[in-house]
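Here's a solo chain for you in structure tokens, the form predicted on its own.
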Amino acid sequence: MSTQTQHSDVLIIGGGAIGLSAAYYLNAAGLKVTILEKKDIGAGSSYGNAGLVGPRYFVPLASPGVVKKALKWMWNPESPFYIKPRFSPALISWLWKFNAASNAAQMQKALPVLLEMNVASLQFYEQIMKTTGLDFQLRQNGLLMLYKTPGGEKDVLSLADLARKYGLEARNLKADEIAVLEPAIQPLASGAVYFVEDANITPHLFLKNMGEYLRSKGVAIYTDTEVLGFAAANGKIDAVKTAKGDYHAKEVVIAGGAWSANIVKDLRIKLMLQPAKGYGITVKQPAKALHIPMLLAEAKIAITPMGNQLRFAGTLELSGLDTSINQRRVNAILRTVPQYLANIQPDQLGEQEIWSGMRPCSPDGLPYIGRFPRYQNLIAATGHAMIGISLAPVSGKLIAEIVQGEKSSIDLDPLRVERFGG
């Protein structure tokens, strides 16, 4: 069926957690919304991630000491942070800006922004669940951050001190206190911090159920519809071009995740964004099921209970837009888990679903939310790095405020699209 005459108030490019959340708030405001997704709803990085939500994610990716660790790890294909050797001017430029942003002053500017966004987002998840009746397994059981080494202990306890400084509840636990809190594990860690207010969801349930809900409310969702370009004139997007025809809207939102920079490239916009690959391995819960999500501090691996399943997720791999599975990195995750939890042997927990996804990373670890200066009706909603699920509802709410011309509930200046040029 031709879509040449398809018109809407807002057209959202991208059917991941950010795009769906924006559609939810825009639709609730009475606007006619269209979503274009090049694959299927939730087929991107929103699908197989750790599903962690909450205030603990207030420290940006770019922070003091991270570059030193990255240099130590970057050539090791089994490390938490890996850069695939290649010549890429875009990657070199991004790394230069990432290094410049990884300082205490920049982190202090980003901390309150990310904290405010994460706290609000958790509240919005709760509101969405109550308003819609959707079940995406939101559980607020906190989060355990385990450490094994003196260096890990120093980092985790420093993070806990910082969290308490900003009003979060973080409890320091000795080794024998960990299993008291989570009886399903036999910890080999030397200690942990329990972040009490954190939560988690099952991402694919949020995406699937939200997609169905939005369709029932009249949101037009077109899958297998890749954006090929734009028609623009006089500082305004007139049409979004696809192989299935042109789509017209008063406002256009770029929520294409790691592909966002490529989507706007033909508009002569240089969006400073690097795709960072992560892996997720999903298995059956052990006989004694886990209830509290965990982070293995030194290894940067998350373990999340999701109903009758358990997910191991982690790594940050700068390898371009390449979603292929590097089995060596998957194996490294599976080998590491038993080093922290004696009774959790991933290879003994049944059939594994292995996934890789691309996370869109800005150099300073903050998302891009706001209007593109060059086009008056083009809005960015991308660059959420590894915390897109955590920040999805608040990002959607902010987009709805921008479209409606309302005063933003959160200061958008640190998130402005043009902060790295382009």
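Numbers for residues come from their place in the sequence shown, where the first is 1. Just so we're clear, the structure is a prediction, and the values are computed from it rather than from any experiment.
Here the subject shifts to the form predicted in complex with a small molecule, a form of this protein not shown in this document.
With the partner omitted here, the stretch from 371-379, 62-70, 354-362, 23-31 that lies within 4.5 Å of the small molecule by heavy atoms in the predicted bound form is 354-362. Only one of P393, P55, P367, G44 comes within 4.5 Å of the small molecule in the predicted bound form through a heavy atom, and that residue is G44. Out of the listed residues T336, T225, T202, T132, T225 is the one that sits within 4.5 Å of the small molecule in the predicted bound form by at least one heavy atom.
Not displayed here, the small molecule is kept clear of F98 by more than 4.5 Å at the level of heavy atoms in the predicted bound form. Interface membership of F136, defined by any non-hydrogen atom within 4.5 Å of the small molecule in the predicted bound form, is ruled out. In the predicted bound form, none of the heavy atoms of M294 sits within 4.5 Å of a heavy atom of the small molecule. Among residues of the shown chain, W259 is one whose heavy atoms approach the small molecule to within 4.5 Å in the predicted bound form.
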